[in-house]
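Just one chain follows, in the form predicted on its own, and it is written as structure tokens.
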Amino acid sequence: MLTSVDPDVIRVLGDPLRLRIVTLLARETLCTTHLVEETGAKQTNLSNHMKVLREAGIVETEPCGRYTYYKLKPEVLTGLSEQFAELAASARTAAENKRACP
């Protein structure tokens, strides 16, 4: 069954900094300090982006003393990947379907 791709997740990942953060978190769990170092973003800007990623359900937090670690929720990306795979399969068969003009 073809499902629609979640537009909120697409919008969230459409931001270059958030996509960079997701790419970094795909490799390892990182704290805010690490993410600031890796991205060069200001801490307040990074925190705002992390809030957006958390609210979209893409990352989750893990408190560790005075630091907050972030980790990616791979099941969200797996679901997105599956939805895009379904769209690609549909597009392959749609190429054979041509609606006649009136």
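The first residue of the shown sequence is 1; numbering continues from there. Note that this is a predicted model, so its numbers are computed, not measured.
The following text describes the form predicted together with another copy of the chain, which does not appear among the structures shown.
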4.5 angstroms heavy atom contact with another copy of the chain in the model of the complex for T33: yes
Would S47 count as a contact of another copy of the chain in the model of the complex, using a 4.5 angstroms cut-off between non-hydrogen atoms? no
Is there a heavy atom of E62 no more than 4.5 Å from a heavy atom of another copy of the chain in the model of the complex? yes
How about G40: is it within 4.5 Å of another copy of the chain in the model of the complex, going by heavy atoms? no
Using the arrangement in the model of the complex, list in sequence order the residues of 55-81 with any heavy atom within 4.5 angstroms of another copy of the chain. E62, Y67, Y69, L72, P74, L77, T78, L80, S81
